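Presented below, as structure tokens, is a lone chain in the form predicted alone.
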Amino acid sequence: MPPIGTGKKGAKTTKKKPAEQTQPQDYVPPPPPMPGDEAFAMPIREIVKPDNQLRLNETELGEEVAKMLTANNPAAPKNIVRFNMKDKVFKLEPMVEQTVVHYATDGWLLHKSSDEAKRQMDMEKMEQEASARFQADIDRASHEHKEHGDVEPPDDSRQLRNQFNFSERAAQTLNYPLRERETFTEPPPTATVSGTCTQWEIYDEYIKDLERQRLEEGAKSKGTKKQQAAHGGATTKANEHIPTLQSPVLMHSLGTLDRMVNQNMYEEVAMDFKYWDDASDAFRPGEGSLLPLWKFVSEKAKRRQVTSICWNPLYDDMFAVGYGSYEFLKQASGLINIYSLKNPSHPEYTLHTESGVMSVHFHPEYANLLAVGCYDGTVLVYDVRLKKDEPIYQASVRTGKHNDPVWQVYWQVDEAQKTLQFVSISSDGNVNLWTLTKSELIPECLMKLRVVKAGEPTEEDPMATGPAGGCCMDFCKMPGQESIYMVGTEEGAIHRCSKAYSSQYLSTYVSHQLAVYAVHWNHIHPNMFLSSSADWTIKLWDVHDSKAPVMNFDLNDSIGDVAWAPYSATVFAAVTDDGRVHVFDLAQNKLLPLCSQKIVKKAKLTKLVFNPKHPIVLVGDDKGAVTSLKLSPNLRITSKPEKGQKFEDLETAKLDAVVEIARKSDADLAKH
């Protein structure tokens, strides 16, 4: 490639061309063409001089001009500056690439001495040898065939291979479009403030400050020694140095920052929680689905089972989770985590107990009070606002704690005495009412459970039958009937009791064959309640009919929990050991669930609870995880009252219609 520029080595002397070229003396112009031969005439050369051509005389034309050819590129930049990381300054780049490529092409020829050419020649030689051997085999076989006639021809399948027989597999991935978000904000309001400060104004302010100091010193001198000591103690406490990393201001800022990080991490889940609705429900009536949202897991709760979940009545995004164990041989210390939907990564508060936690319940009015029942029979009361790991009340052997696990605790509002009370039920057969005093918990026995066989009158002597173990309980939610409650026992019987009568049951419902694990009163209908048992069945009962349940549902697996939906009188859900959540709506389907969805793979679901405001459900498993699920529109259909109608009346009538149809079908079956 030829060098560009000037250099001393390739020096060359040239003469300047004259501006006007003179004709040679022996130049003879061509003859003019004959008429009609213009197409074959000789071309005529004409010299055209541009107007701006330089005019040189004979002396200037004879002058010699020397030009130097070098290897430097005249178009290469000479002012390239690069940042030097060592000296931390910009420095001029002395070496600049001077090579210019005018033409370049990739050829297919190889030099014989190169390695690639040798490999190709060796390959061609091998192919020629193989072809020669094959041709020799064919010739020999043809010759033998002519002589003998029964010789098979050689195998020529190797010659049929195609070295270009390949298929190219390629895929083009989709590049997602970039999303841009822009926000227009209004400028903050501004105000212009001006003022003047004179010498006498400064003097007046100094005088006022001196007068204030004199009055404060006089007030201190008149105070008593006790007041001075108290004031001094407060001053010492105020002047106490708090480490920066433990200051409340920093803790509050870190909490806010943690919420912001979680909001960015779970932005899509938050959008689904707020706006998602399964559009396919419009095309499949009678079916629904559950959308998994957040999953709440902590390191301390990994080897524990979720035994209780309770929503906070004041903050609809906060809930408490109790961790323990249902197995007798695997008991350990208990744990309570209080989570918020705003921060699914970590619990807001963590409380530890000596024994496994079996039940938790928030007070309906004082949302900071949390009642806890433990496996060793202890009941505790925590004040969440204190952020302490110690309970404010704890029942002991001296105060009459339970002898067996406390399966459920339930706060009761005492309208007469205005005292704080809660009820607990245990396997020892006692239903106790605990009253919070200034110093301790005072127990009161509401009911001693006893075994009552089917058809046996309840007025018999309690000592004639043995004690019954309580498993679950629930109070009536209708106004005026807050003292009525249901109790499920280990023997499979359900008893309706009252706080006013501690000697006998109001009624007994016997239909389950094994222990009753959950009893829940309907939130809207005053006479309907659900029960689930270890016999794999769920039964719908009418309070006034204790002979037989209204409806039966067999889920073909052990049932962990069942709960009514707070927004409808006909919707309830249940969880089973195979990891499924079953959601029923009796108004749409009286036999099968609208949704039976598997939530976890290798775990058993133990607890379920509906949110009182949002269409979401929390389910807990035996691995210590709590999963939040959103109900699709078909699973939360409610009545729409018109003008003059009440929502409660419509929902009650809807469930009554379902019960009436179920009773008619049972009567028809009994006749046949």
Partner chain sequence: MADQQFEDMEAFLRVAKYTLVKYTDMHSEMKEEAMDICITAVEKYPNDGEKCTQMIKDQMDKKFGAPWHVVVGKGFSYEITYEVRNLLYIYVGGRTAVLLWKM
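Take the two forms, superpose them, and find the largest set of C-alpha atoms that agree within 1.5 Å; that set is the rigid core. In this text the structure is predicted, and so the values were computed from the model without any measurement. Numbering follows the first chain given and starts at 1.
The same protein also has a form predicted in complex with the partner chain, omitted here; what follows describes it.
Just one of 213, 128, 256, 513 comes within 4.5 Å of the partner chain in the model of the complex, counting any heavy atom, and that one is 213.
A single residue from the set 144, 272, 316, 205 has any heavy atom within 4.5 angstroms of the partner chain in the model of the complex; that residue is 205. Contact annotation for residue 197: at least one heavy atom lies within 4.5 Å of the partner chain in the model of the complex. The partner chain in the model of the complex comes within 4.5 Å of no heavy atom belonging to residue 267. The closest heavy atom approach of residue 189 to the partner chain in the model of the complex falls within 4.5 Å.
In the model of the complex, no heavy atom of residue 354 sits within 4.5 Å of the partner chain. The stretch from 189 to 197, 499 to 507, 422 to 430, 441 to 449 that comes within 4.5 Å of the partner chain in the model of the complex, counting heavy atoms only, is 189 to 197. After superposition on the rigid core, the Cα of residue 274 moves by less than 2 Å between the shown form and the other one.
Residue 480 is not among the residues whose C-alpha shifts by 2 Å or more between the shown form and the other one once the rigid core is aligned; its shift stays under 2 Å. After superposing the rigid core, the Cα of residue 212 is displaced by 2 Å or more between the shown form and the other one.
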